[in-house]
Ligand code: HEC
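Quick heads-up: it's one chain on its own, the form predicted on its own, in structure tokens.
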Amino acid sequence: MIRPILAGLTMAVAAIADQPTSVTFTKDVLPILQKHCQSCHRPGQVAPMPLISYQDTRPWAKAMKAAVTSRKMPPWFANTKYGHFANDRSLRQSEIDMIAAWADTGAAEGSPKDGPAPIRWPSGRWAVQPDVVMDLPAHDVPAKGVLEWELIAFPAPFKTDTWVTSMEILPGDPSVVHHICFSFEKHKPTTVYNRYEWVQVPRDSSGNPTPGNSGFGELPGMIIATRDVGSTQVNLRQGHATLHQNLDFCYLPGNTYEDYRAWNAGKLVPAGSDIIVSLHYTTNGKALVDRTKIGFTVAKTAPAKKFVVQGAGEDTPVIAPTAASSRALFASTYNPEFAIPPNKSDYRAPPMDITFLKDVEIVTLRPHAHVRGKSAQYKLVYPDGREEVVLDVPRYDFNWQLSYQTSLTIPKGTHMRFEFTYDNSANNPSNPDPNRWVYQGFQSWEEMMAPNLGFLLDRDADVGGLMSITN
């Protein structure tokens, strides 16, 4: 009898030894949260709850499992079949399985000594601790109404020639911010500081521009509105806008900062430059005041590279001059054939074709559309005829307008085709009205189609004429 009992004990011990080690928060889950989640899930950031401590996280264990197994979180929309992206925040399957196992086995805390040291995040809601902070004037946002893009000029917040190595925008109330963008421009004697300026776009009762007015570019007989900071008086005149910008950087939902330091790169801001800011608010039924800040880090010595976007450079534009070069930047993406029919669930917009006129390195791709955006794809056609999809976003999300960081060496003569599809049906939960025709325009209920490319150049390289855009 003794031998069978011993055999049974041996089998039981072996079974216990084969059981997986229990999953704990400190040892297994916290490292994943620090790497992939806490940049948003911490106090003052966009996420609805922090995931810093065990006490923060434990109530959300089941919800976390559901979010990661469905790949709803972390937000990342690039098709894994195409491209390689340095800022890929998606979880590996083993990490998803770990979070699921933790939720399924009681969400134990574990020993504090098993966990990594806490990350020292920047203070004051910043993603990158700034060296220089610029406060924009307080801006009243009414409860209702259509607000057009407003531009306003300030002296740049630097006394001397300065290499900016990161930029970040902290909106005071993200719930009403459609976008905030800015660019550094050479000062003009005609520039007036601290005065909002916008085009008074003629609109019908539903908010659509009147026939013949796309909302883009400069049209004959435009009405320009201005308002001084701190004043409620709006002055109207006929003519052209005095302020123009090239969108060096934009705050958009899901895209709050850019950091060029990993590339040993920056943006040169010459002394005496102006900063031109565009603000676009969307009312939400509640009157409030927005107080936005802009933060910068700056280099002590000039970096080896400079980062530019397709609209950068007033005197030497990245986009080669065309007959339409006097129009606003987004006008270069305007196509009068763009028209989404009512209740159309899979509208394929007329594609945009780009030709690269010099050898160049692309390091960021950021597709931009509005609430009916459904998918986006960038395809390269090389001079030898070879084709390559470099970014495919099968599920575009207006609330997470991510910038995909890559490294693409593009030889002169290469073509890029940018394609977008749109969902104007009732199946799109973000669609404000599936029964209307939708055209290109500045408002969220209108649409855009912009590829937003970021380039890396040698510090002293000529910026001009890198690419041309055709529709």
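Just so we're clear, the structure is a prediction, and the values are computed from it rather than from any experiment. Don't overthink the numbering: it's just position in the shown sequence, from 1.
Below: the form predicted in complex with heme C (HEC), not depicted.
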| property | result |
| --- | --- |
| 4.5 Å heavy atom contact, I52 to heme C (HEC) in the predicted bound form | no |
| Interface membership of Y257, heme C (HEC) in the predicted bound form, 4.5 Å heavy atom rule | no |
| 4.5 angstroms heavy atom contact with heme C (HEC) in the predicted bound form for A426 | no |
| Exercise: M64 in contact with heme C (HEC) in the predicted bound form, heavy atom 4.5 Å | yes |
| Interface stretch in the predicted bound form with heme C (HEC) - options 104-112, 375-383, 69-77, 296-304, non-hydrogen atom within 4.5 Å | 69-77 |
| Residues V363, L391 and P394 all lining heme C (HEC) in the predicted bound form, heavy atom within 4.5 Å | no |
| Heavy atom within 4.5 Å of heme C (HEC) in the predicted bound form - residue from V164, A349, I169, L91 | L91 |
| Among the candidates P432, G44, P48, P411, the residue which, in the predicted bound form, approaches heme C (HEC) to within 4.5 Å (heavy atoms) | P48 |
